[in-house]
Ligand SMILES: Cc1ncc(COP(=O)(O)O)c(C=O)c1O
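As a starting point, one isolated chain is supplied in C-alpha cells, in the form predicted on its own.
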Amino acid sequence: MPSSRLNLTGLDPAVPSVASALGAVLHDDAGGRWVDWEAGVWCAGLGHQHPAVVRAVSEQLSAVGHVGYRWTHPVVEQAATRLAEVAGLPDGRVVFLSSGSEAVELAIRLAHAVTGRQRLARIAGNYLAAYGAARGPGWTELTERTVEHRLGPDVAAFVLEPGNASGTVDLPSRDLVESVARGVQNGGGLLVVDEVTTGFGRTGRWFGYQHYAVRPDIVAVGKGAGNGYPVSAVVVSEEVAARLPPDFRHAQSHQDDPAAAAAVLAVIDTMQRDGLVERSAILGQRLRTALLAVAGSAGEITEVRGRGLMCAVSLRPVDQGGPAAAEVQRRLAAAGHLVGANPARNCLRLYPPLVIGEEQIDALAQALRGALA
C-alpha cells in the first residue's frame, strides 16, 4: 500500500517504522534493533524517552500545555532563568520558539534591529538555518585566510556556528573565531552564536562557543533543548534587550508554550544532576580513540575529528578507490548501528545521545572495522 506521507527529504521511503525507543536504542515493528548514533536528528541528547522529560511534559500537558503568546506561565519564567544561566548570559532575556531555524532567523532579525545595519558575516560552510535570512544576500563568507579588516564597520553581526558545518564537524580555529568576533564587536556589531546543534553538552561543554574566548550577545538554541520535543529559544544579553526598538515585534502560535518550557527545564535539571556535559567530554574522547584505532589498521579512514560527542570520520575519496560513505552506512545499519553519512564529503557522522555506553562505543568500532574490510 503506498504511503500517504509526502517525502521531502530525498531519503529512501522504504525504511523501517520505528516502534519504540529507549536511551540510545531504537526498535522497529519487526523486531529489529539499532543503536542510534544520530540521537534522532541530533536532538535526543538525554536518550530517547528519558523519563524526566516524559514526566515533565506529561504533567504540564495535563495542566496547560499551550496558552498563546499573550499569556505566560510560571514554568516559562523558570526555564528562561535557568537557560540564560547555562547559556552564559545570566542577566539575559529568553524567548521560546519551535524550531532551530526559527531561532536563528529571529536572532538575525534582532541583530539588524539593534544595530541598524544589514551586513552579516559567517564562516564558509556553516549551515545556520533551513530558510530565509541565513541564506539570503548581504553575507560575507569567512575562511581561515580572512583578515579582520575586510569586515569593515558596517557589519550587524558575526553569526557563528561552532563546528557543526552541516554535520561535517569542520571546527573553526581559535584565531579565526576570536579575531573576527573581537573585530565585529569592537566595531559596534554583535556576536550571534548558532548553538542549535552544538549546544546542550554536544561538544563536551554546555555550548560550543565556550571552546573560544568570546562572549556572545545573542545565543540561538534548539535540538537538544527539548530532547526531541520541538522547542528552541533565543537568549539575548541584558544590553541587547535594552537596545531593542520599542516597536520590535515577533509573535508565533507556540511562542513560550508551557509544555515546551517544561521540557527545557527537565533537560537542564537532568544534565546538571547526571553530569552529562562532563560525560560527553570523556566519552567523546573514548569514541575518537576507538575510531583512531580502526583508522590505524584500516587505510580507508583519512581523518577522525570532533569535540565531545560530535564526531566525523572522513573516508578515502571514492575516485581514489575508497569506499562510499553511503555503502559503509548501509553495512553499519545491517550490523545494528545507525550512523549519518555525507556523500558529498564522503564522511560518516556520529552525534549519539550523551548517555551512550562504553560497550556501545566498542561495538561500533568493531562493526566499522568489519564494514571497511
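The numbering used is simple: start at 1 and walk along the sequence shown. Given the structure is predicted, the values throughout are model-derived calculations rather than measurements.
The form predicted together with the named molecule exists for this protein as well; it is not shown, and the discussion that follows is about that form.
A.B. asks: Can you check whether Val196 is within 4.5 Å of the named molecule in the model of the complex, heavy atom basis?
C.D. replies: Yes, Val196 is a contact residue.
A.B. asks: Would you check, heavy atoms only and a 4.5 Å threshold, whether Arg202 touches the named molecule in the model of the complex?
C.D. replies: Residue-level check for Arg202: no, no contact with the named molecule.
A.B. asks: Tell me, yes or no, whether Gly284 is in contact with the named molecule in the model of the complex, where a contact means a heavy atom of each within 4.5 Å.
C.D. replies: No, Gly284 is distant from the partner.
A.B. asks: Going by a heavy atom distance of 4.5 Å, is Asp217 a contact of the named molecule in the model of the complex?
C.D. replies: Residue-level check for Asp217: no, no contact with the named molecule.
A.B. asks: Among 156-164, 203-211, 286-294, 171-179, which stretch sits within 4.5 Å of the named molecule in the model of the complex, heavy atoms only?
C.D. replies: The contacting stretch is 156-164.
A.B. asks: With the named molecule left out of view, which of Ala263, Ala233, Leu128, Ala121 would have a heavy atom within 4.5 Å of it in the model of the complex?
C.D. replies: The option sitting close enough to the partner is Leu128.
A.B. asks: I need to confirm a contact call. Of Ser99, Gln272, Thr72, Thr140, which residue comes within 4.5 Å of the named molecule in the model of the complex, counting heavy atoms only?
C.D. replies: That would be Ser99.
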